[in-house]
Ligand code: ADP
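The chain that follows stands alone, in the form predicted alone, written as structure tokens.
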């Protein structure tokens, strides 16, 4: 017989042996490999000396009977030989199997530990650095958050992230926690909303026979950790005891060299309930602002959502959503979820027709014209449209012109060429002005406030 034919011949016999022989014999049968079939004698080799001896002693007659029935030859015989090479190969295979099993067990245990740590830390699995879309409005905050995750408490401590609702503060904060758990699992991470912290404190500080013990547990819960993530600090109660406890938690962690990350919808000095002591502690680290994402970033956010959900789409549909929902990421995702739900249920492609029909916001977008943007911006900066379209390079007029150009691109989604035609400028000049404002927004608070105020006025007139 040819080698392949001989191997198939033996595998068929082995299958019959495994079916008929008792279960206790099967571990000895499985490793048997055929080495020859000559003059009516089937020779097999094994790397298991004990297996060879047990099969010979307890099952030889039964094996020969099965083989003879299969070959239909009463003279067929059977020989088992112990082979050193087969033994070595078997040992290597067993070692490989055991190693893989151990690695799998370790990996499963690690994933279970990570899952338990995430549950203890109170983190949401979707808030990771990998699915945070980075743009000009959040690039600085993203890099700072990543630096904190990679080197906690070494710098930027505390880290204070602020900005309006729905811009990704919680996402960045929890991404720090996830990164730490996956890359430095020895560190303890805890995420808490300020409201939960306050309620927990009030519950444990009530006068009772267990108050001392309860407060001891409370303090350990919030200070026996390496990274604390406190969300929405603006909701802190304006009670002296609550403030004092928050200050104690902060000081305890900071003095032990632990990382503190805080989010808020405003800077500390603008939180009316915050004590001067807490305000100074929050301001002693680094404060970074998140501003509304620009047009390109909004498109990228929607594109990622569509790709993550395996949805087919047209680019003009994404542009339309991004152009009409520029306030925050939460609003943008809400619009996309509504459109994608209609697309899936009706089995209609996610194109511009569907988006316009579902969102019904084309009228609003049509009302925001270059004239309206230029007029409101000129008025804000105490100048006029002619100055914006003119050649003056005065600081105030240049700034107003650049802001108007930036908003024209962001709010209408029109091409740089069409914007250039309106302002009587080269399209490269328009691109420079747009990118300049885009880059400065995260860094200059007064500029960001001006852009926000003009946007708000444009939506109300």
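Numbering follows the first chain given and starts at 1. Here the structure is a predicted model, which means the values were calculated and not measured.
The same protein also has a form predicted together with adenosine-5'-diphosphate (ADP), omitted here; what follows describes it.
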{"property": "Stretch from 158-166, 245-253, 349-357, 267-275 whose residues place a heavy atom within 4.5 Å of adenosine-5'-diphosphate (ADP) in the predicted complex", "result": "158-166"}
{"property": "Single option in 204, 383, 194, 170 placed near adenosine-5'-diphosphate (ADP) in the predicted complex, where near means a heavy atom within 4.5 Å", "result": "170"}
{"property": "Contact residue in the predicted complex, from 241, 92, 126, 312 (heavy atom within 4.5 Å of adenosine-5'-diphosphate (ADP))", "result": "126"}
{"property": "Contact of residue 138 with adenosine-5'-diphosphate (ADP) in the predicted complex (heavy atom, 4.5 Å)", "result": "yes"}
{"property": "Exercise: residue 329 in contact with adenosine-5'-diphosphate (ADP) in the predicted complex, heavy atom 4.5 Å", "result": "yes"}
{"property": "Residue 333: touches adenosine-5'-diphosphate (ADP) in the predicted complex, heavy atom cutoff 4.5 angstroms", "result": "yes"}
{"property": "Any non-hydrogen atom of residue 133 within 4.5 angstroms of adenosine-5'-diphosphate (ADP) in the predicted complex", "result": "yes"}
{"property": "Within 373-387, the residues that have a heavy atom no more than 4.5 Å from adenosine-5'-diphosphate (ADP) in the predicted complex", "result": "none"}
{"property": "Cα-Cα shift for residue 331 and residue 409, closer or farther in the predicted complex, minimum 3 Å", "result": "closer"}
{"property": "Cα-Cα shift for residue 409 and residue 314, closer or farther in the predicted complex, minimum 3 Å", "result": "farther"}
